[in-house]
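The chain that follows stands alone, in the form predicted alone, written as structure tokens.
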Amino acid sequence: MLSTIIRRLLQGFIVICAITIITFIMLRMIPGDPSRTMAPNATEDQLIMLRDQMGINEPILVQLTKYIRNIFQGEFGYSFFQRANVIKVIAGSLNASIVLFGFALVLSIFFGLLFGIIAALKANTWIDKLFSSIAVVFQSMPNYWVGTMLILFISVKLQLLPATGYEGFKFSILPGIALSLPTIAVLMRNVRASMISSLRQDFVKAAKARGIPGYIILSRYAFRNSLIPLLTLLGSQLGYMVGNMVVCEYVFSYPGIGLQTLYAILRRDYYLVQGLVVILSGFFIVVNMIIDIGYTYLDPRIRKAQGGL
């Protein structure tokens, strides 16, 4: 287990370094002048002075060398558009995004597993067909449309929940629902298919023949056997959810990481984009490491291949 964690951490470090370098170079190759965006009415001399302050007048390789050196000193740069240190800007948005993402993830896993298991147990019945139809509808609806409808009916007409901003958990409910619906649909359909396949396996039939109670067969045999493909699917869906956070946070004017990323890219706020890329890359590396550890726990064959952990 320890060797797996160390290996994944080393691979993650290499990936973060590569992503940081590629993002740094590509951002500066995109057409557009951040100094002109920041001061549209400034003279050319003033723009030159501003570029010197922002550190973008030097060759790209010189800028990259300084940036990497600063990272190892714990300095991720300064956001001239928000007039604050990058770490401070990210920290100010991180809490709201953690609440939103955590709530959406809980909704996705709970209802995806619940509806998927029910559909599998009631396979080929009207309940199964109803849940399958709901999954198709959830997966087909764009996040921006769902968000707009939630604002219109829940916030404007019924006035039950706030529509924009963030001042507590209740501000995360509507964007969390909009963010979770497609993932619920994907998990539901895959859990259903995986559970039906597991329930037809010989080891489940043997457990029934030995008189093992149905709930034990469902939880310890069929469901656990279905968790391995589910882990792989969940890992990919987390990336999908992070990408959709940008849309949801924009629709709900939710001041999180997604909205910060969108504005930073549009403004050519180089150092803020770089800091956000590092944070998101680290998130995906941790998620993948947790999934790998989950594999070794769930599948004895993997444990044996890694030295009998």
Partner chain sequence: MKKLFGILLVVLVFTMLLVGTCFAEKDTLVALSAGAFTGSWDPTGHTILANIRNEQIVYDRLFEMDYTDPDLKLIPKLATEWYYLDDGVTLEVKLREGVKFHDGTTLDAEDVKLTVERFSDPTRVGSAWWAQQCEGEVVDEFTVRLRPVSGEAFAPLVNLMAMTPIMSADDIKNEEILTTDYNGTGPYHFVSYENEACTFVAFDEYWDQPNKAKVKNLIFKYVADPATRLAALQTGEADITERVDTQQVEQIKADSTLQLITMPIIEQKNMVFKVRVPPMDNEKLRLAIAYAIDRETIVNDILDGYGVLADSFVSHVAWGYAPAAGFPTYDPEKAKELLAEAGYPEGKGLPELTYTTSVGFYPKTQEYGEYIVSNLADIGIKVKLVPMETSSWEDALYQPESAHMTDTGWCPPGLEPDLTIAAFYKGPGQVSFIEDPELDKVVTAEGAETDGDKRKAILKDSVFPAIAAKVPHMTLFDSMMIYSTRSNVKGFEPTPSGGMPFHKVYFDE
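Positions refer to the first chain, counted from 1. If you're wondering where the values come from, they're calculated on a predicted model, not measured in any experiment.
From this point on, the text means the form predicted in complex with its partner chain, which you will not see here.
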property: Contact segment among 223-231, 148-156, 184-192, 133-141, judged by heavy atoms lying within 4.5 Å of its partner chain in the model of the complex; result: 148-156
property: Non-hydrogen atom contact Leu160 with its partner chain in the model of the complex at 4.5 angstroms; result: yes
property: Heavy atom of Asn244 within 4.5 Å of its partner chain in the model of the complex; result: no
property: Close approach of Ser236 to its partner chain in the model of the complex, 4.5 Å, heavy atom; result: no
property: Distance check, Arg36 to its partner chain in the model of the complex, heavy atom within 4.5 Å; result: yes
property: One residue of Leu218, Val99, Ile109, Ile118 in contact with its partner chain, assessed in the model of the complex (non-hydrogen atom, 4.5 angstroms); result: Ile118
property: Those residues of 16-46 which, in the model of the complex, come within 4.5 Å of its partner chain by heavy atom; result: Pro31, Gly32, Asp33, Arg36, Thr37, Met38, Ala39, Pro40, Asn41, Ala42, Gln46
